[in-house]
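Coming up is one lone chain in structure tokens, specifically the form predicted alone.
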């Protein structure tokens, strides 16, 4: 090497791809193990129990679910979920706008009214509705005192009581996602639409509703998933008069000692819930692409 020659720079050593891969596996490993043990493995066992028979694999438990009686049970669960979701949306959508536009003490009171019920158990809230709606409950007492009715009317153990209680219990899960989106809306967009000649109705339908679609989809998916699989609410508010998939699963495991049938009903309920979530995710992606 001459005096004018400079030593060649040493190459920069980058971390080996294998080392990065093993580091990623090491960080993700514990969480993956928890998911497998607590979620994937129980679901696999549930599905296995639904198709396992004395002579091997069988679909006999699913054939029972295809009979008219259990198709009616499936429809009861879907009807409860659809009615609860629809009514919760009709109430929760305008309530989300009112909450987003409220200020000061009023907003704090509304948020407290929304969050405080979430601290109570579903069992407590369902029992509260049984107390309100029974023959000597507060609702009948007020109706008689106002002269609207002459004697107590039957409210508890009716479909109306079930829907009212379910909407009340699951309503916050509709309001919160929509409120989170509405609170971020730029209200100048509505003013811009008005300057372009759009009426308030057209501006709401063409500008506001598409922007709040992610919150609507999230709220609908949450409320539908919770209400279609509800167990405590129908058990306490209507009982055996309105059998659902969740109550059928409980009876199959706890009373009838038919774990295979209960597992098959559980798989059907899981499929309904996953379908609702998948559809909501697809709608969310399509809405976001537009």
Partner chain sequence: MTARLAIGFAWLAALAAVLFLAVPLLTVVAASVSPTPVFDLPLEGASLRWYARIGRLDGFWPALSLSLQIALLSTAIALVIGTLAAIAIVRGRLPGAETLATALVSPLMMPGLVLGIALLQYFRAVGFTATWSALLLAHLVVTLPYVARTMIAGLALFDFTLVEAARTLGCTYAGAILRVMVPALAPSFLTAGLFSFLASFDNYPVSIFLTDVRTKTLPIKMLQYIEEAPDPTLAALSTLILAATVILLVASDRLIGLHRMAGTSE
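Between two forms, the rigid core is defined as the largest C-alpha subset superposing within 1.5 Å. Residue numbers count along the first chain shown, from 1. Predicted model only: the values in this text are computed from it and were never measured.
This protein has a second form, the form predicted together with its partner chain, left out of what is shown; the following refers to that one.
Since exactly one of 31, 256, 66, 59 fits, which has a heavy atom within 4.5 Å of its partner chain in the predicted bound form? Among 31, 256, 66, 59, a heavy atom within 4.5 Å of its partner chain in the predicted bound form occurs only for 31.
Answer with one of 143, 74, 110, 193: the residue that has a non-hydrogen atom within 4.5 Å of its partner chain in the predicted bound form. Of the candidates 143, 74, 110, 193, 110 is the one lying within 4.5 Å of its partner chain in the predicted bound form.
Is there a non-hydrogen atom of residue 227 within 4.5 angstroms of a non-hydrogen atom of its partner chain in the predicted bound form? Outside the cut-off, so no.
Does residue 201 reach its partner chain in the predicted bound form if we count a contact as any heavy atom within 4.5 Å? Answer yes; at least one heavy atom of residue 201 falls within 4.5 Å of its partner chain in the predicted bound form.
Whether residue 184 contacts its partner chain in the predicted bound form should be assessed with a 4.5 Å heavy atom distance threshold; does it? Heavy-atom contact with its partner chain at 4.5 Å: present for residue 184.
Verify the contact flag for residue 105: yes if a non-hydrogen atom of it lies within 4.5 Å of a non-hydrogen atom of its partner chain in the predicted bound form, no if not. Outside the cut-off, so no.
Does every residue of 25, 175 and 263 put a non-hydrogen atom within 4.5 angstroms of its partner chain in the predicted bound form? Checking in the predicted bound form: 25, 175 and 263 are all within 4.5 Å of its partner chain.
Look at the stretches 143 to 151, 77 to 85, 92 to 100, 211 to 219 and give the one with heavy atoms within 4.5 Å of its partner chain in the predicted bound form. Partner-contacting stretch among the options: 92 to 100.
Any residue of 104 to 136 that, in the predicted bound form, places a heavy atom within 4.5 Å of its partner chain: Counting only heavy atoms within 4.5 Å of its partner chain in the predicted bound form, the contacting residues of 104 to 136 are 106, 107, 110, 111, 112, 113, 114, 115, 116, 117, 119, 120, 121, 122, 123, 124, 125, 127, 128, 129, 131, 132, 134.
Using a superposition on the rigid core, decide whether the Cα position of residue 271 changes by 2 angstroms or more between this form and the one not shown. Result for residue 271: no, shift under 2 Å.
C-alpha of residue 239 moved at least 2 Å between this form and the one not shown on rigid core: No, residue 239 moves less than 2 Å.
Establish whether a shift of 2 Å or more occurs at the C-alpha of residue 43 between this form and the one not shown, with the two forms superposed on the rigid core. The answer is no, as the C-alpha of residue 43 shifts between this form and the one not shown by less than 2 Å after core alignment.
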